[in-house]
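Okay, so here's just one chain, in structure tokens, the form predicted alone.
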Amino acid sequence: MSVLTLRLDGPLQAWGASARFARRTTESAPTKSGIIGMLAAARGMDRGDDTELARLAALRFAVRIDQPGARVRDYQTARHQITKVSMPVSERYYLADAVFVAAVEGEDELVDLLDAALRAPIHAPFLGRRSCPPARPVRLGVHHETDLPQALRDEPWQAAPWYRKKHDRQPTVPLTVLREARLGENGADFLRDQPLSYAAEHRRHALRPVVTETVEVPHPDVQAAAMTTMRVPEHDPLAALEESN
């Protein structure tokens, strides 16, 4: 088995598991439906291709919260350009300044195929909504012969420098992971973000079991500072004698 890791970093993100009329909310972390949709778009998959979607949806999913961000509300009004009739008022919620590391686990061949698609995507990735482009390349890399928890422990912390300063005295940082539960695993909550179809006429999602856990990852700034402090300056005891000669 292999794990593909993705960096989700942008000014705004929106990961909705449900929407009611003109009010569109966002979850506090990326959804499996959103990430599978991103990978399907990178491959150029048709929205109505439920057979190929089932193959991608079988991947196990997890997300690590590297920088939680803040929830913001956008109050939108609009008017029809021709008729001048006012459109319904809508509320849209986003996550601002958030950073996540998402991971999907599956067979080596499929994971490598998705990795290649992210290197040269047919449709550009976005962070939940088309109005939310990523600030940096989404693809991080492929971890072979591992599982989701280990891959998320091995992936370096992706938070912004200003956020990392809040934890600058800790050699390791505890990060929350929302992981797809294994069959029969206890203590799971349920989120309706397991994609069954993206077709516009019958978009459907099922419940998915999710467990919350914590992983410890090294703080890169503390490690760099420690290496600088421990570096011993070069010293040649015979240098002074050579200079005198």
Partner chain sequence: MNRIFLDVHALQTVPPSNLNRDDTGAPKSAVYGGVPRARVSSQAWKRATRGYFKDAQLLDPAELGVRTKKVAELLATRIIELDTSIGEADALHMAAAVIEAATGMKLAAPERKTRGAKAKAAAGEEPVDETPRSKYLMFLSARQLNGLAALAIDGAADITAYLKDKDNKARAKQIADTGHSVDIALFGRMVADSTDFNVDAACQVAHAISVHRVDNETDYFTAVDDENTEAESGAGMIGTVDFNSATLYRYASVSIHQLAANLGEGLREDEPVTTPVRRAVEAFVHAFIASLPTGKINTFGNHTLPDAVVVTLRTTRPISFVAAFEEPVTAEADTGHLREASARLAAYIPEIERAYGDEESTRTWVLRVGSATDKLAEVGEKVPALSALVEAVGTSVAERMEKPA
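Computed from a prediction, not measured in an experiment: that's the story for all the values here. Numbering follows the first chain given and starts at 1.
From this point on, the text means the form predicted in complex with its partner chain, which you will not see here.
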| query | finding |
| --- | --- |
| 58, 68 and 153 all contacting its partner chain in the model of the complex, non-hydrogen atom within 4.5 Å | no |
| Of 137, 171, 174, 141, the one that lies within 4.5 Å of its partner chain in the model of the complex (heavy atoms) | 137 |
| Distance check, residue 125 to its partner chain in the model of the complex, heavy atom within 4.5 Å | yes |
| Contact flag, residue 108 vs its partner chain in the model of the complex, heavy atom cut 4.5 Å | no |
| Distance check, residue 97 to its partner chain in the model of the complex, heavy atom within 4.5 Å | yes |
| Contact test in the model of the complex: residue 112 vs its partner chain, heavy atoms, 4.5 Å | no |
| Its partner chain in the model of the complex - contacting residues of 50-77, heavy atom within 4.5 Å | 72, 73, 74, 75, 76 |
